[in-house]
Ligand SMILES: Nc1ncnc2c1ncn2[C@@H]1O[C@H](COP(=O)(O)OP(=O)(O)OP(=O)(O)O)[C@@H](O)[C@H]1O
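First, one chain by itself: the form predicted on its own, in structure tokens.
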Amino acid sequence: MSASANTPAIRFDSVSKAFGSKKILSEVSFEIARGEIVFVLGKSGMGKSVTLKHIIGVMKPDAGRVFVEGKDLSTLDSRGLSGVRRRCGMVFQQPALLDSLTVYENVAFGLKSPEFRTARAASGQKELTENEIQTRVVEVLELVKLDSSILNLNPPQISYGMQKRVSLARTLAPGPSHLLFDEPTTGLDPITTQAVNKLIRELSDKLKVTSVVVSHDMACALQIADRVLVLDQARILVWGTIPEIRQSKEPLIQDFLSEALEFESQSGQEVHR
């Protein structure tokens, strides 16, 4: 996709979505700059995951438009949407690894897919050799703080926290420009949660990717987010930087902040920025 450096990575323009009589998003508008880490917070059922699904085009708005790198998704055919999805790496709540495949095979999966090969051919690039794939797999495992000693293991043979990292490595392998995280720390202990948050921040800084993190955890947002978008009752309740979020007088934000402070006192982790 060709877009100027000033073009927002992601933009919602008056997006509305309803399921039956229930409004999920109502004229929601925001822009995410390239390289930003944005947390999308809210209670269950407030449209957080629906927002992610709109970004990758698997869900279409009832009204309004969604742009990725300046491209209006509503104008794209299936081939165009496939191109958007290749640039948006999705990290799911569960690792979703294939237990019958080794760690190596899981991480290499996207690099061997027909879609990836077709995209490379379309851009004039040669098909990756097996050696190049091996090199890339080891490279992305190192990015998520794992080494080659686990390459021949199957997912059930490694810890759940390591499986989450392998899942992230698999997403990173094709080289996406944007990472979309759906509740990445759900079910993790506090230490592993801290490690995952640190990884998201490090990957953003090192790879210059745009990260959108759907979460209910204000403590995580306070640690690593550049900005926070809070959805409530189908609309944007607050959209701002960490200092702006901390100064908000909205009762829901105050509730989220009090939970974050409680986490800090119990874990000894500093959540203020």
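Numbering starts at 1 and runs along the sequence shown. Note that the structure is a prediction, hence the values are computed from the model and not measured.
Note that the form predicted in complex with the named molecule isn't included here; everything after this is about it.
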property	result
Distance check, residue 59 to the named molecule in the predicted complex, heavy atom within 4.5 Å	yes
In the predicted complex, residue 202 touching the named molecule (heavy atom, 4.5 Å)	no
4.5 angstroms heavy atom contact with the named molecule in the predicted complex for residue 243	no
4.5 Å heavy atom contact, residue 238 to the named molecule in the predicted complex	no
Option touching the named molecule, based on a heavy atom within 4.5 Å in the predicted complex, out of 260, 24, 15, 10	24
Heavy atom within 4.5 Å of the named molecule in the predicted complex - the one residue of 209, 46, 66, 222 that qualifies	46
Candidate stretches 38 to 46, 66 to 74, 222 to 230, 243 to 251 - the one whose heavy atoms come within 4.5 Å of the named molecule in the predicted complex	38 to 46
